[in-house]
Every structure is written in structure tokens, then in C-alpha cells.
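Coming up is one lone chain in C-alpha cells, specifically the form predicted alone.
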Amino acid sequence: MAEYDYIIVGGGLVGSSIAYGLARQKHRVAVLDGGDRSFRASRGNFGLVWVQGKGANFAPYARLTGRAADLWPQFTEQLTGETGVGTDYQRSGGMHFCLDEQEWEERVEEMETIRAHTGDAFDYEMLNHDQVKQQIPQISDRVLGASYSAQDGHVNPLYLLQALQQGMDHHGVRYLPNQVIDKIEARQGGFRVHASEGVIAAGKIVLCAGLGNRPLGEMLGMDIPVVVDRGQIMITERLQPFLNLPTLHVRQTAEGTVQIGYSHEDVGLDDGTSPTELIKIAHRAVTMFPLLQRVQLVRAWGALRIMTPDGNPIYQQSTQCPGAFTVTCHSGVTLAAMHAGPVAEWIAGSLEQDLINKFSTDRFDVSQN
């Protein structure tokens, strides 16, 4: 029977970041991943390393996101240095456009709330139409203005996942795809996972399986609330560069293609597309950038985001089965540097982290609030 220090269940961006971080600390790690037919949030990832707009309803998340973004330059340099795989990361700043006065006022309120949550560490400014147009000449006259934060950036999420997987291999992580888990047993001194590969044993286990976290958590005495949220994305043919920084709805990649997205739908486990929602997404994009009106679309797809009831991450150790952890969140790109660093250190017990401890499921217990 194989013996490891850690079993990571889930090999997406979240699980790979945790596994990479633990392996860099010289721990023996095995990753049990699903197959190609598994629901994967990374398929719908927009590639944003995004600070603005996050944590308005939960101050710890605002602070966590800012810290993660600040760790990103060192994180990607280290990852590329070890693997030779570039992530196309740029900290170019980012914008969120406002089309009318109501959107503008709501955005100002949200940004000021986040600034207060972070003790003024969150840096942003509100730009009027002329200021936006000075940076992005192709913007429509219908854009009233935008919030801008220099802390924002973007990355190629597929390159990031490739780099993390090669980083895991570089540090000796055993990656096991196409695994179906039938049972997890908590034994004295560790855990045994009954999977397609057979029985795999480790001293500790970390659930990073997205939608699978809830049923897997029940095997370890954990109630992990998960909410499903579908997002849809369209991608265009390659265009001449016109957008030199990311926005929440439209992003031009390093290859020249344009990603168009930002939708939220409660449709259960349907990861398909709907013409109605795609039309809404396209209409807003064309309203912002008229040049997109006659551009050829190459592909459209849907993906399921892994959300929690309040939209903020869960970092939790089981009280019933100590040594069993869960990391449940939808910001796998933005938080990758945090997951590979401080969160992995927290899981390993080498870092007492007051900020991370604030993300337990205790916050959903009304009796404790």
C-alpha cells in the first residue's frame, strides 16, 4: 500500500496549487484527480488575477485577495524558473466599466467598502470616460467610466495549470488521473482512500474536488456547503492588439483572441450554453467595444463555478477527523499564489495563520454569529 504525507483530492488549479506548495516543502504528495468528463471550473476561467470587487461582503476575503495578488509576481517567477513554462502573467492593472450613473454609484460604494476593509491597502481610482478613452481609444462613447486598480492583472489559466502540473512532477508528486473515490477511512495516524487505483494511504488529506467536496466531506465529518454557478464564455478570432489590460467582461489574450464573458446562472449541473445568455454577454461587450460587432466568434462554452453560500472561500480542518482539510473556492487563479504559499504552509502546520482561520465554516453557523 502506498504511503504519502498528503493525499490531495482534485487536480484542478486549486488542488494543483496546494500539491505544488506542499511538495516544495519536501512532503510526499499524491494527487487523485477525476477524468475528462468531470466538471472543471478551470474550463470557464477568465484568467484574471483580480482584486477589485472582491471581499465587499467579507473583510477577510478582501485582505486575502490583496495578499494573493501581491504574492503573484514572485510565485510565477519561481514556477517558471522551475518548469520553463511561462504563464503569460501581467500585472497591468484592470478596469471594470460602468455604463450609467447607477452602476457608477454602486461601484464607488463597493470600492470604498473594500478600501475600508483593507485599512486603505486596496488602491483604486474612478476614471471618467475621457480618462478611460485615453488608455483604451477603442472604448465606446456609451461607457460612462470605470474603476481602475493597478493591483489587478491577468494570466493564461491553461499555461498556469500546465506549469503547476510540471512543478508537481519536478518535486516528485504522484499524479493519478481518472480516479473514482468510493470511500475515505480515517484511521489512527492517517487516512485510507479507496479509489480506482486501489487503497492509498496518507497521514493527511486535503479535499480540493470542487463540487465533489460535499459528499467527500461527509465521509470525514465535514459539512462543506457548495453552490453551483454557471458561467459562459465566448472567444473570437485573433485581432490586432487593442486592449492592453484586462477588464471584467472582455480580455484580449497574448495570442490576440478576445475572451468575452461574465455571467451567473443557477442551472444545476448543466455546463452547456444558452443562446439567451450568450446574446446578453455579446451585447454588453459590443456596447463597450463596437469593433467587436463584426468579429468572427470561434467558440462558446459553459463551465460550473464552485461557489459557497456567501461567495467566499472555505479553509477548514475537520474537528471530527483532524488531519483532514478542505479548500473550497472559485478563485483558483487569483488565489493560486496564496494556495501554493501560506495556505499550504498552514495545512502543513508550519504557519499559524490568523487570516486563513477566518475562512472556516463556523461563519455559516447562525448560533455563533
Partner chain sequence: MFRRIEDIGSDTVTLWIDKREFQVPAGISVAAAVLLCGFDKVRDTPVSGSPRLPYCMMGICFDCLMCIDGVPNQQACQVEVRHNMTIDYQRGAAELPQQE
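Positions refer to the first chain, counted from 1. Keep in mind the model is a prediction, meaning the values are calculated, not measured.
The same protein has a further form, the form predicted in complex with the partner chain, not shown here; the description that follows concerns it.
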4.5 Å heavy atom contact, Gln138 and the partner chain in the predicted complex: yes
Gln296: touches the partner chain in the predicted complex, heavy atom cutoff 4.5 angstroms: yes
Any non-hydrogen atom of Gln240 within 4.5 angstroms of the partner chain in the predicted complex: yes
Interface membership of Leu291, the partner chain in the predicted complex, 4.5 Å heavy atom rule: yes
Stretch from 177 to 185, 232 to 240, 209 to 217, 121 to 129 whose residues place a heavy atom within 4.5 Å of the partner chain in the predicted complex: 232 to 240
